[in-house]
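Encoded as C-alpha cells, the following chain is the form predicted on its own, with no partner shown.
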Amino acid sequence: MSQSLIGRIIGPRVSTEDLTQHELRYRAPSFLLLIARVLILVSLFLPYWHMVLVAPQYPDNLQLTAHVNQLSGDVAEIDSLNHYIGMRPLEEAAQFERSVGVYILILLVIMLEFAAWIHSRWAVLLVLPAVFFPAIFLLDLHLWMSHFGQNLDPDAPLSNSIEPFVPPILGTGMVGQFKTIATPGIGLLLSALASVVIIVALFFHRRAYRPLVAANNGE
C-alpha cells in the first residue's frame, strides 16, 4: 500500500526508448525548472526592493534597499526623520522574515529540484510556493509598511503634523512633505521571472506526463 502511494506521488517513469524518441518533450520541464532554480539562487544576492525618499534637506535624496535578509542604505537617516513623526525604526520590521529569508529561498530551490523528479500532479504542490513567493514578499512588505504608518507614536514631537498613512510599496507616494519612490529590485524581478518560467514548466510537465499517468491508471 505504501509503495503504491509513493508510486502514485512520484508518477510513472519514462522508458529509455521513449525518452530517446521524445527527448525534448521529457527534458523540457526539468530544464525549465533548472532555469527557475538558477534565477532564485541568483536573486539571493540581489536587492528585492528599493525606495528613494525625496527630502528637501537631502540634495542627493535618501536611499533604502531591502534584500531578503537585510536592509541597507540610509537607514539611520530615514529612522531619524521617522522618529519625529512617531514611526518605529525600520530594523524592527520583518525581523523574523529577514532571519529566515535566505533559508526559505534555498528551500524553494530544493523543492523545485524534487519537483523535477515528480511525474504526477503532485509536482504542483512543490512548485506553488516558489510561484507565489514574489507576491507574498510584496504583501508582507505592504502589511509592515501599513502597520508602521498606521500606528504612529502620539507622543512624537511632530505627531500632530501628519495623519496615519500607508507608504506605497511600488510607485510614488507622499508622506507629509516627503516624496517616496518605490521600485522592485532586480532580485524580486528575477524571482518573478522564475515564477513565470515555473508556470511554463508546468504546462510542459502536464503535456509530457499526463498521458503516462493516464495509461498507468488504465484511463
Partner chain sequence: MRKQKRIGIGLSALALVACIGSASTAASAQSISDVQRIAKERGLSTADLLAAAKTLTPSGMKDEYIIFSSGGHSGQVFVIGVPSMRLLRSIAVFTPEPWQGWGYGVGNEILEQGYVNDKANLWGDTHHPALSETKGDYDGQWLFINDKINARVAVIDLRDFETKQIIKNPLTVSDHGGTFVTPNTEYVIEGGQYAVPWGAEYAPISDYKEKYKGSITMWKFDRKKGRIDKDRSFAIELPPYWQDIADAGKGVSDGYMFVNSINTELATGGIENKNPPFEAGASMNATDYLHIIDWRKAEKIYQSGKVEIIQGFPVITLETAIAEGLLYLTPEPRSPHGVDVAPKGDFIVVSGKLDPHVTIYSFQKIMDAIANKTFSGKDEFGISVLDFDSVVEAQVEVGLGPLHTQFGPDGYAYTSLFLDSAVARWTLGGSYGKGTPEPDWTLVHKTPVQYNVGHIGVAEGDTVSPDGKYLISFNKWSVDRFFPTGPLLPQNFQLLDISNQGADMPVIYDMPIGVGEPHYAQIIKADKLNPWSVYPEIGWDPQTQAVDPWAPRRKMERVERKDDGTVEIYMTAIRSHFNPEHINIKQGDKVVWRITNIERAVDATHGLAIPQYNINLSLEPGETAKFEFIADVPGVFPFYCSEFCSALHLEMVGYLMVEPTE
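In this text the structure is predicted, and so the values were computed from the model without any measurement. Numbering follows the first chain given and starts at 1.
This next part talks about the form predicted together with its partner chain, which is not shown.
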Practice problem: Could you tell me if all three of P12, R27 and P211 have a heavy atom no more than 4.5 Å from its partner chain in the predicted bound form? | Solution: no
Quiz item: Pick from 152-160, 63-71, 186-194, 37-45: which stretch has non-hydrogen atoms within 4.5 Å of its partner chain in the predicted bound form?
Solution: 152-160
Quiz item: Might Y58 be said to contact its partner chain in the predicted bound form, defining contact as any heavy atom within 4.5 Å?
Solution: yes
Quiz item: Might V175 be said to contact its partner chain in the predicted bound form, defining contact as any heavy atom within 4.5 Å?
Solution: yes
Quiz item: Heavy atom to heavy atom, is L81 within 4.5 Å of its partner chain in the predicted bound form?
Solution: yes
Exercise. Report yes if any heavy atom of W49 sits within 4.5 Å of a heavy atom of its partner chain in the predicted bound form; otherwise report no.
Key: no
